[in-house]
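This document opens with one chain alone, in structure tokens, the form predicted on its own.
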Amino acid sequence: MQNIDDIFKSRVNDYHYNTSYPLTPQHWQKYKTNRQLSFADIKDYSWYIHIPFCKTLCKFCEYTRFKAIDSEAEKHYLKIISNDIANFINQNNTKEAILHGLDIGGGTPSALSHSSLYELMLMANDYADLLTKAGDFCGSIEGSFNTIDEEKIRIIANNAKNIKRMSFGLQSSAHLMKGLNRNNGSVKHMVKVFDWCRRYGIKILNIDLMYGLPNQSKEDITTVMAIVKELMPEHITIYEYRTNMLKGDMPSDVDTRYMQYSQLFNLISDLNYDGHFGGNTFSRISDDGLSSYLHHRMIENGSYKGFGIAAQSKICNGLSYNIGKGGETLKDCMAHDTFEADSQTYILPPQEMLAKYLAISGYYGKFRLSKMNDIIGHNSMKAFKSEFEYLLNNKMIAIDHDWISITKEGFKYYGAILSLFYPHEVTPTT
């Protein structure tokens, strides 16, 4: 067997190793089953609702989405989601369940018409109120500056008491976004949007930023951070432009991406946001910069149920994807009275579940030893003794009680670090 040093060095410049798992769609085929994931015995979970419609289709987006459609078709889509949520509640013992989070993403939820958005807010609120919510529950919805207006913000704020957070994708400077089919509008408009949100009582605003984009420069990062300084959202989330967002090779090398992350980290820290180097979430309100859905999913390794086209669900021994993940057309997906028909379900062995957890938590820059132990059913420090020794000796990770953190030195190679805990046969060409 190849030694750990050789494995690590062969992966440090391989962009396939990032926070996406599995590395190829084919890798899980042997675990595919006709069974549905069962939430009957699960008492703690979060919900995610996927709205796949967008005004324009950004070239960097990795998610299942379609060009915005008419209001009648939107309402049909929402009816199917409503049926799926109602069936989920009827089939599971939800009276004893704790709902930890509710995120509405896309696509672009704010691309819905006013009447459809109103219907979505009422539906999400009414169903969430049927469950007991965790003490830190904080629902979140995504939007874009070019699809939002004052009335839509009023609809969100006044008709969904469970939605307290709204996230906007700013990403980078205007000229880069134009080339990627995204138009955020003027800074004046963005400021006005944030003013509306705060006036109507949306308490937490998040801005998404990206680095590693094609032709992105230091000046582009400085320019977009000047806009962030005007907006001063409660949360900032930064993303790396990743291989699964691409049709070809990565546009930047590992050193460039590390430099750009470092520049963003320093500029964000200068604005007095809290965060740790290697993490992608920052906050100025004394939390971890996440919605409660993302916290439960990423930090606690919690179960979650996804509703809508291509939505993902997870329990302790498997994952599933609703119809749409396999490239089905919108017409094909909408032809059913449920989005769970023809879903893809995978019942996975413990090390595959561990790899999925580490890929998700790697995005946060930390993962928990106790969660690793729970997933594989025994002591991870013993099971991965050689891997831990290698990473600690090379100062790639640090351990503080239950937390394993990727160090500043190790972050440049975070994908290679995480991959050491994946099943040994997993490679990008598997």
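All values derive from a computational prediction rather than experimental measurement. The numbering used is simple: start at 1 and walk along the sequence shown.
The protein also exists as the form predicted together with a small molecule; that form is not presented, and the subsequent description refers to it.
Peer 1: From the list Phe88, Tyr321, Trp196, Tyr239, which entry has a heavy atom within 4.5 Å of the small molecule in the predicted bound form?
Peer 2: Looking at the other structure, the residue within range turns out to be Tyr239.
Peer 1: Which residue among Cys61, Leu369, Ala398, Ile42 has a heavy atom within 4.5 angstroms of the small molecule in the predicted bound form?
Peer 2: Contact check passes for Cys61.
Peer 1: Determine whether any heavy atom of Glu234 comes within 4.5 Å of a heavy atom of the small molecule in the predicted bound form, and answer yes or no.
Peer 2: Glu234: no contact with the small molecule in the predicted bound form.
Peer 1: Find out whether any non-hydrogen atom of Tyr127 is located within 4.5 angstroms of the small molecule in the predicted bound form, and reply yes or no.
Peer 2: No, Tyr127 is distant from the partner.
Peer 1: Is Gly143 part of the interface with the small molecule in the predicted bound form - any heavy atom within 4.5 Å?
Peer 2: Yes, Gly143 lies within 4.5 Å of the small molecule in the predicted bound form.
Peer 1: Within 4.5 Å, heavy atoms only: does Cys333 come near the small molecule in the predicted bound form?
Peer 2: Taking the distances in the predicted bound form, the answer for Cys333 is no, it never comes within 4.5 Å of the small molecule.
Peer 1: Answer yes or no: in the predicted bound form, does the small molecule come within 4.5 Å of a heavy atom in every one of Ser262, Phe277 and Thr281?
Peer 2: The answer is no; none of Ser262, Phe277 and Thr281 reaches the small molecule.
Peer 1: Of 105 to 113, 76 to 84, 214 to 222, 285 to 293, which is the one stretch near the small molecule in the predicted bound form, taking non-hydrogen atoms within 4.5 angstroms as near?
Peer 2: This holds for exactly one stretch, 105 to 113.
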